[in-house]
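Each of the two blocks below gives one form of the same protein chain as structure tokens; they are labelled structure 1 and structure 2.
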Structure 1
């Protein structure tokens, strides 16, 4: 049952900035560049763009249609739309997934604060080789105290913003954070593209080499498009539930997806020209941001200023995502359990920090967590596999089935267009949601299960 005064965005702009903040995170600025680098650059980018259009945007709109209609959290929304059925479990899975992702994502987000501090104090410029930066990174994440402190700081920031409410907390924060992130990204991209040799990095990102395409590359692009937009855990259902009835929801949803993609491209335009300017292999893998880039910043003109700006925007991107992750869970307790928002944000945030402790200590501090249960993977990596891969994929698949086959396209389309603003490609959207999206997302799930290659 909805709670009176649960909040609402002040308008379309507030929603766009908040929802884009939810979608824009480490996946855009960290994962997209190294995934593109590992998969051949331009060819990957083209396939990624295709999947954003035919998979990402349709699923975003499907989730938003649920939220706008029900005006409730994921559990309450599915319970309202399909009363007397078991479909509310899907909403419960989304809430649990949001909690599970926040519990490990906040650990990685905390690392950005350490790198930002190092850049601000000038200590980051003291290390100039990839070997030195690797040692610094391993020392940081392998500690027993600092990872917990950084996670606690990041969680406290997240709790502080979410407890302020929808318009007074989340929207107010994202109206400052998102424009700041965009301005910093644009300035850094311009500076990076004008470095000597930077044009080679631009060509690498945008000039396709189709000989590099393979099934693995195609599925990697699909996975990036799906996970980058925070789909499958009910974040867009939750944010859509606060969307004003008078505003154009289809247009806003498409803008959010565009914004998310543009940020990923800008991150690529920062990183690849910088890599090529100093002759570093763009296939840097997950260590690109925390191991390779610090050594590159030390070699660039005004490199320390570059480093400050980069890790500042990385921290902002992470924060706008942790806000939405916590909000998914808080909205459930506010709507369904009638908890006070401030109480919900505080206690859920503290519980999530407790769940984050094993992940924070699993990068070398505690052997039993570093090689968890003899699996050969850390507790943090296991959480990413469970929640960030299997649960998100399964949740997105079932949401497509729910909207396309249980609730029905006419009802979903009616929700999207309830303000009188039409979705021009409504017929095409219905085909994608009912047939194409479930098959594509199902393919990702099967690929993960068979290959055990995770995103």
Structure 2
């Protein structure tokens, strides 16, 4: 379990970009808009924002404190902090969750490759109607060969970068591309907001209608906040473990949370105005974003060029997230099982592709997977809910209990502040980690179990 030779980020900026790369991805641009649309808009968005502040940021700091202190993967880190206890199981759940998320995320990431191809061949903005773009999308995802090929390509790219290790592969990719993504998104948001009828979309996003709130909406918002910030499964433990000792870690964590949330809002400002402008139902499910985007490119000058830039950057944003998902699992096998990094990346990636097959075939190709076990939702959606909402929420709950009550706030703060930079809100953080997060997340999960409103 030597920590030597694990590598570290080249500096604070390297960490911020890599962690932002993990956080920013399909969660912001694909999952946030469609989940907001499914859950009624404004009220969901408000609860989501509340959870980012009250649960997300405290959990970011909790995970980073563990990672920086232990300099290990989630399982090894909990073992090191609480030796001889069963807490390392929580790390194990995180590793499993990373695997579970990667197995459906890579399918959706594959879809983005097809849209990138469409843009490269000049077809991104030839749209006539929303029905037509929906038909194109359904044809793509409902096939049995293409979704598998695209998932395989995406998994291969992920494996290739994770093989190279942290600072070599992950850091280099994000330095230029993340800021470029931000610029492209801002331009697209401006275009969308100035479309005819666009203001209705802005109102939908920001005017909360509290009659739309239910425990299901609240869990969806909590899951979205955690998913988007890559929390509850140890990704930030793993990334924090590569953070240089001399730099200000809490500040870096908060900057990442800020950018992640800003990008989700930008995505909302791109999708909803356009959606109202072309008259599509916000409750369109996982296909929502893919169906709406072509109509925005059709209305932008040099739309096809924009589409190329956008889909390329979206694929990269997804890739920097899949890298972090695979990295959690790989770092576990490298640190704990002494596997060779290259071998671990390859075999775990292949196994995960195997797990991704039913998700890839669940959008129409195989009927039994489309309405899985009579749940009314597809196998892919079910994975998204199980790993993305339940497992991350439970993981975040337990991590707070671990840091707040087992390891203790003084030790965790000591780790966060070990570079000499103080966390000014340390006392407040302690209250959130010890009381507010466990009670809030615990209450939501218990309420769902009692009322059995699982999806």
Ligand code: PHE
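Positions refer to the first chain, counted from 1. Each form is matched to the other, and the largest set of C-alpha atoms that superpose within 1.5 Å is called the rigid core. Because the structure is a prediction, the values reported are computed rather than measured.
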Next item on the list: Would you check which of the pair is the form predicted alone?
Entry: 1
Notebook entry, point to check: Taking the rigid core as reference, does the Cα of residue 404 move 2 Å or more between the two structures?
Noted result: no
Next item on the list: Using a rigid core alignment, state whether the CA of residue 33 is displaced by 2 Å or more between the two structures.
Entry: yes
Notebook entry, point to check: Cα of residue 308 displaced 2 Å or more between the two structures, core superposed?
Noted result: yes
Checklist line | Cα displacement of residue 210 between the two structures, core-superposed (Å) | finding: 7.9
Next item on the list: On a rigid core superposition, how far has the CA of residue 54 moved between the two structures, in Å, if you could check?
Entry: 2.5
